[in-house]
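In the block that follows, a single chain appears as structure tokens, in the form predicted alone.
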Amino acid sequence: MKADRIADPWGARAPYRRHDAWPSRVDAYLAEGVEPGAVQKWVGAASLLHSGGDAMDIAVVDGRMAGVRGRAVDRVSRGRLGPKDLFGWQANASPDRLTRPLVRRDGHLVETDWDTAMELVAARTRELLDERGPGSIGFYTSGQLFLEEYYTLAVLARAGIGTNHLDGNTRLCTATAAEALKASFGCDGQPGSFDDLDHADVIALFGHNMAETQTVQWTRVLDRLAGGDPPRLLCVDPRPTQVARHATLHLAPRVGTNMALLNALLHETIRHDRVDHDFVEAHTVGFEELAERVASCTPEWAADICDVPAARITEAAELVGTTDALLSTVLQGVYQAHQATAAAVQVNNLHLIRGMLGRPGAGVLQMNGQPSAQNTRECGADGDLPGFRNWQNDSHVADLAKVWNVEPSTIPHFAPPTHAMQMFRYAEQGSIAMLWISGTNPAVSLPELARVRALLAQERLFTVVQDLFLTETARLADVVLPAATWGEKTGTITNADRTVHLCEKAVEPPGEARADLDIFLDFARRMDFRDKDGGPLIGWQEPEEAFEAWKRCSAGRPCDYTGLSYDRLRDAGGIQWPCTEANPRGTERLYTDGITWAHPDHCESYGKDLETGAAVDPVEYRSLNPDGKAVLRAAAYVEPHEMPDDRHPFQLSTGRTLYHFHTRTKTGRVAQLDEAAPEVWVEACAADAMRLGLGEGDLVRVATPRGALEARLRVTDIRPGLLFVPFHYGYWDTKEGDGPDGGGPGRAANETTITDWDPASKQPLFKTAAAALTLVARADGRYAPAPTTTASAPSDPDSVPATAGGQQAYATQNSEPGGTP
């Protein structure tokens, strides 16, 4: 069976009942003209363009990629693939891939050889270390590399260079997930499992547009909705997402008010005594303070703040408060706001006071955005120390120093690791003089882009960019290193429910492009980093050797990988950590027998004040939580920092669409995906559009105190007073290449966003800017280039053509066992 997977992103239904196993369905797509019999080999991998971790095989014909297929036995996907999985691999063969290193000469980037480029990087590093010390060097990495590459980067940055400035773009998408888990459970680590979707009675999605960000898991929900004893869905989202359209109850609160809504849900749960007191007594501290804090947070109080009827809040509280199996998921609608961590923690609190943890269907999924965001956190490439070690605990630092055979003083732990937003501020001020950016594109993804472009273009800042393409950021660099990508190198990826997959090299990278691991190892050799005995600091050369080194670092820690190996992952497929020799099948759920990593001697963090971000000191934490239970942390609602006014009467939220990933550097080069959403657009509701005399397809200007963009208007059922702009669109496919054409109107959403962040997780705010909306030109028969299959569907379904991919988007869906192409 074949289907247009652009028109129908989730594919055919396979209904199943609660507690039954999700039926398999193998999805596949082969390039035009390639017959299944022509495929010479299939190479194992997992998806790269979201955090779902769908296992797949890459088809190889004559040394080139020719397609992909799902894997029926995969615990995550049961063979399914989403549109980005099916079509995204074609970006690897783009003719504009970087194939040779570039260096800046007389203001222009020119090709050179690897030795010249790397020696330039090493020479500048030595010069800065001699003159200004390790604090003058920063590393900003990605959520798209492999575990082995992050770990190598963490070792060379922290123990080789000795800098505290190492973070990832995961700061923009997953920092709140980590901070919320540390705040509640003392340590990072996803409590739940995707398998909980098979068992839950109620699935509550807080700011999580699962239908577009984790398409395969949404397929799983759709299959359950079509079967017996379907789950009831609670959707909290200001947009009319597909989740909202299928929800039992949809709440569309004013953006920036999640904290008030969640405090009201907790108020109702406690008021009706829907509390598992035995669980609270055995496994938590802080219940009395939480109960006192939410005592006045009635549904009526929250209704005024959230602009949601009190009766609907009461209904939501009853839904989550009376079920026997509650699964909650959380993502950017919560994470990219001014009280991100505080709100995400209240979701944890809801589960803790209801005892909804550690059993099938009862769990929390604090979701990730990018495919290997989890690995940046485990390996210490996102600001924390590797293996979820606590930088405030000297014994943890000493333990890490022993693993690396260096003195503890070698590892900077005099202050909290520098978060990305502060690193870019240091670069702007000049204290960071060298910034090495790998696998990410801050000139499109960071807030307030005019400022970001200016700081990256400073002559005093030496910038190294390692990427596949000449991105907006690479165009501003001093050295550009061509990187290999998924399918062209080997390594492991861990998804949002702790499942580790092995991704193996299928084809050679183009030209002279190298794996990120090889680039980091080359740099380490040139710098001649040594351990305390004079041996090489980094003793591995191959991905598998790096994985074995990481296993030694993870031993005895919450993310213990010691029971895994490349051979085991090849044979068994995805396995969830922790996985040890005593537990070789991995761990489906955490906290099945109490809270295990919150003890003061073992925890990754002592926590932070949710309202100010001030760190809790060790003595205070030990006094609060001497026995290592989960901590119920309370917080009051605080109004967003920037509110609408007469000049900027709307709230502006940026976000994602199903067919693109990050800054569109890959998906914008794939015909099926790009044609589904080829250009930026703005969403507003019908009432607001009518009041301003605007209609579908009008060219409009969105302006904030930072900047402006122009795009065509899509009239949707989004909540009144709110505008939405997808954040994917930059300038690489425009005349200028790195910014607005000729100083004209911007195209990127982040021209308008604010430099501000959540106090605890330091995740930037992309959801609560104040904005103005004005007409630039009439539609004149044109319509917004937004898909109709998603949250961007028009209010009037007949007003625009339906999104479809046509013949080029037809993919196989096979429900027969073994029925692969």
Partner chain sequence: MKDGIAHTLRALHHGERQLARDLLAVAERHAEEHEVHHVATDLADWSREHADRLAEHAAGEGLRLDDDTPEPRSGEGPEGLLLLHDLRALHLAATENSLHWEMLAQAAQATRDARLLELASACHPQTLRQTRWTDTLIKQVSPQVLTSL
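Numbering follows the first chain given and starts at 1. Computed from a predicted model, the values in this text were never measured in an experiment.
Unshown form predicted together with its partner chain; subsequent notes refer to it.
The stretch among 111-119, 82-90, 131-139, 518-526 whose residues place heavy atoms within 4.5 Å of its partner chain in the predicted bound form is 131-139. Although the partner is absent here, A443 lies well away from its partner chain in the predicted bound form, with no heavy atom inside 4.5 Å. Contact annotation for A123: none of its heavy atoms lies within 4.5 Å of its partner chain in the predicted bound form. Although the partner is absent here, H165 is a contact residue: one of its heavy atoms lies within 4.5 angstroms of its partner chain in the predicted bound form. Not displayed here, its partner chain is approached by E611 to within 4.5 Å at the level of heavy atoms in the predicted bound form.
Scanning A295, L692, A615, A572 against its partner chain in the predicted bound form with a 4.5 Å heavy atom cut-off leaves one residue, A615. Of the residues P416, P705, G556, P408, just one reaches its partner chain in the predicted bound form with a heavy atom at 4.5 Å or closer; this is P416.
Scanning 415-440 for heavy atoms within 4.5 Å of its partner chain in the predicted bound form gives A415, P416, Y426, S431, I432 in sequence order.
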